[in-house]
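In the block that follows, a single chain appears as structure tokens, in the form predicted alone.
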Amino acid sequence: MKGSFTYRLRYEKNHDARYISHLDFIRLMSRALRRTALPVTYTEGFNPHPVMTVAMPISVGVTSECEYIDIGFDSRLPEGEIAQRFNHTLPSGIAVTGVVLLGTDACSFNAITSARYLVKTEMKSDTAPDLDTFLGLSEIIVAKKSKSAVREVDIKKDIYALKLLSHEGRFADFAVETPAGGSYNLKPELVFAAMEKYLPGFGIAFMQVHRLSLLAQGKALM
């Protein structure tokens, strides 16, 4: 592999791109890279591909303003030029919002510990949930699906933050922070499933999840 300069790109996925799967995004980004004509670094071997790493896959249907991808280039480039060329080739719904050249002390994607979300809901009633009662429970048991099985887990300790931001009739917005990273993740949807289980009368008719930030020990990745 050639020596390379690694740049971290922050990008957003809005409503136009929320149903693009992770694998489709990788294909999309590979095509966009070719169209930029930037000097991207490729792996060696029979089937070379661009040297790039996505921070953490986002669920289909979730929007975000803080997705990250690291890409290797064969030469040093102006950050603004990288962003401009990508934004000329990327489809509607995906846009690069920041670029930085990574140094040796850069935070690895493996260091990601949590994610913050804005969750906009339409509830089945106009009564706001009693979050104090919910968060005061001694345990919050839910069925959590993994790659191998579905098992009952206590997620109480994994709800790092849960706040009601606004409430008007049946519509309510919440701030949620949960674990994220390579070793353990908790989707905010599971928090609301637990609220429906433990709070009588509370139910969700519609939910839109928007990722606000990915954090490594409370710090942003760039």
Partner chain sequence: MFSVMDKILMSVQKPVCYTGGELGMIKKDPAGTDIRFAFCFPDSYEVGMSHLGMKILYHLLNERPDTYCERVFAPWPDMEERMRQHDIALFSLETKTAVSKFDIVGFTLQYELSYSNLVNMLDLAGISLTACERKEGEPFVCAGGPCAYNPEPLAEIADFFVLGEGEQVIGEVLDKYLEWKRGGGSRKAFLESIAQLDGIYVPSFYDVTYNDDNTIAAFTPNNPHAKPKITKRIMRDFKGSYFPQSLIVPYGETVHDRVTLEIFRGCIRGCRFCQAGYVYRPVREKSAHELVELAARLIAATGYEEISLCSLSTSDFTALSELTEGLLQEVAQKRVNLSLPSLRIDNFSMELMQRVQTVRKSGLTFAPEAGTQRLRDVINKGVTEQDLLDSADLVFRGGWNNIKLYFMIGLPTETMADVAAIGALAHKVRDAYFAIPREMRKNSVNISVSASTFVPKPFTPFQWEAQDDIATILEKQKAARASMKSRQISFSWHDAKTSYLEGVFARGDRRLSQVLLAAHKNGCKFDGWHEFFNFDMWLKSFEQCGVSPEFYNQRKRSYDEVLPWDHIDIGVSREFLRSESERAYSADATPNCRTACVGCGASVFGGGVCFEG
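Here the structure is a predicted model, which is why all the values come from computation and not from measurement. Positions refer to the first chain, counted from 1.
The same protein also has a form predicted together with the partner chain, omitted here; what follows describes it.
Participant: Residues in which of 193-201, 65-73, 154-162, 167-175 have heavy atoms within 4.5 Å of the partner chain in the predicted complex?
Facilitator: Going through the listed ranges, the match is 167-175.
Participant: Since exactly one of T89, T127, T97, T113 fits, which has a heavy atom within 4.5 Å of the partner chain in the predicted complex?
Facilitator: The residue in contact is T89.
Participant: So in the predicted complex, is the partner chain close enough to K187 to count as touching (4.5 Å, heavy atoms)?
Facilitator: Contact with the partner chain, no.
Participant: Using 4.5 Å between non-hydrogen atoms, is E122 touching the partner chain in the predicted complex?
Facilitator: Judged by the heavy-atom cut-off of 4.5 Å, E122 is in contact with the partner chain in the predicted complex.
Participant: Are any of the heavy atoms in Q208 no more than 4.5 Å from a heavy atom of the partner chain in the predicted complex?
Facilitator: Yes, Q208 is a contact residue.
Participant: Can you check whether L212 is within 4.5 Å of the partner chain in the predicted complex, heavy atom basis?
Facilitator: L212 lies outside the contact set for the partner chain.
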